[in-house]
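The data below hold one chain only, encoded as C-alpha cells and taken in the form predicted on its own.
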C-alpha cells in the first residue's frame, strides 16, 4: 500500500499571508466559548432559567472556565451570540440588552468576566436585523462600535443577515474601521465569505485586511454529517483559503460541538484534531457546567492545543485520500509537522493505516530521520523512524490518529 499512497499524495505550497488586519490581535487562533450551537435563541427564562440566554448563563460559564481548568488550558473568551438585546434601540438609538434577562447590563457583565481574567465577546449583525430578528447595525456602525467599546467588549462576532450581498465588503470594512477608531482592542469575527460564496468567490486578501477570522461555510450542527460537510468544504477550497490564513487572520469552520449529544467519542476526537490541523479558532459551544470527563480531557489536551496555537501560524490542509482514509498535515515551528489520519469508514472495527514518512509531501524534514509521537487516540511515543521505515496506526471508524513528527538533528 505504501507505493499506492505515494502516488496519491500531492504537494502543496502555501505562501505566508500578507496584508493582515493591523490590530495586533489573534496572533494565534482565538480560544473560548460561544453560546450559539448549544443554547441557540432560548429566551424563555420563565420556564428554562438554567439554559436561557441571560447574564446568569455567562457568569456561570465564566466561573467554570476558571475553576475547571479551561482558562489555564488557553480558553479565554466568553462569547454572547444572537438574542441578547432588546427588540428596540433606546431613545438615543443605542443598542440595549434585554432588561429582564440582563438586568445588570452588558458593562457589568463584562466587568464580571474581566474580574475572572477572561474576556467578553458579543454578537451583532451587518444588516437591518440580526438573524434572530433583533436590531441590526446597518446605519449604526460607528455608534455600535463605540457602544461595545464603552461596555468593555473584547470580541465582536458580526453576522451578515438582512444585507445585500454586494454591500458585504463595504459594510464589513466600515465596521472594522469603526472598531479600530474606538481605540479598544476588539477581535473582529466576520461572516463575510459565508454570505458571498453563493454569488461569487470572495476576495480573501481584501477580507484578511478587515477581519481577524471569518466564517466560510454553513453553521455547524451537533452531528457527524455536519462536521464532515465542513471538512469536505474546507478541503475542496483549500487552494483558495489556506494561503491567506496566518497570525492575525484565520479561516473559521465554526464551533466545536464536543461534549454535546451528536458525536461519538471518536468523532469528537476527529473534530478536535482537524480543527487544530486547520488552525481554526477553538470556540466551544457546549455546557461546561455539565460535560463528560472524556470530552473535557479532549478539549483541554495540551498537546492538541499546542498544535492549534503554534506560533508559525500556518494552516494545515488535506494531502491524500486513499482507501477511505484522509491524510491532513500542518507545518509547525522548528520544522516539525502535525499529521492527522482520519478513518472515513463508519462500520466495522479499527482499521490499520501503514505510514511511510517518505510518502509525505514534507518528507524532506525527515532526512535522515524523525521522532514520531502519537497524540490521539492515545498518547504514545512511537520512536525514531527513517524515511522508509513503516509505521502502522490503528484508527476506529470515523476516528482520527493525530501524530507529531519532529526532525532529528544531525550532530
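Positions refer to the first chain, counted from 1. What you see is a predicted model, and the numbers here were worked out from it, not measured in a lab.
A second form of this protein, the form predicted in complex with a small molecule, is not displayed here; the remarks below concern that form.
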Establish, in the predicted bound form, whether 81, 131 and 215 all lie within 4.5 Å of the small molecule, using non-hydrogen atoms for the distance.
-> yes
Partner proximity in the predicted bound form: residue 318 to the small molecule, non-hydrogen atom cutoff 4.5 Å = no
Could you tell me if residue 194 has a non-hydrogen atom within 4.5 Å of the small molecule in the predicted bound form?
-> yes
Spell out, yes or no, whether the shortest heavy atom distance between residue 123 and the small molecule in the predicted bound form is within 4.5 Å.
-> yes
Exercise: residue 144 in contact with the small molecule in the predicted bound form, heavy atom 4.5 Å = no
For the chain seen here without its partner, which of 228 to 236, 194 to 202, 337 to 345, 297 to 305 has a heavy atom within 4.5 Å of the small molecule in the predicted bound form?
-> 194 to 202
Which of 159, 154, 310, 329 has a heavy atom within 4.5 Å of the small molecule in the predicted bound form?
-> 159
Can you pick the one in 150, 90, 111, 219 that has a heavy atom within 4.5 Å of the small molecule in the predicted bound form?
-> 219
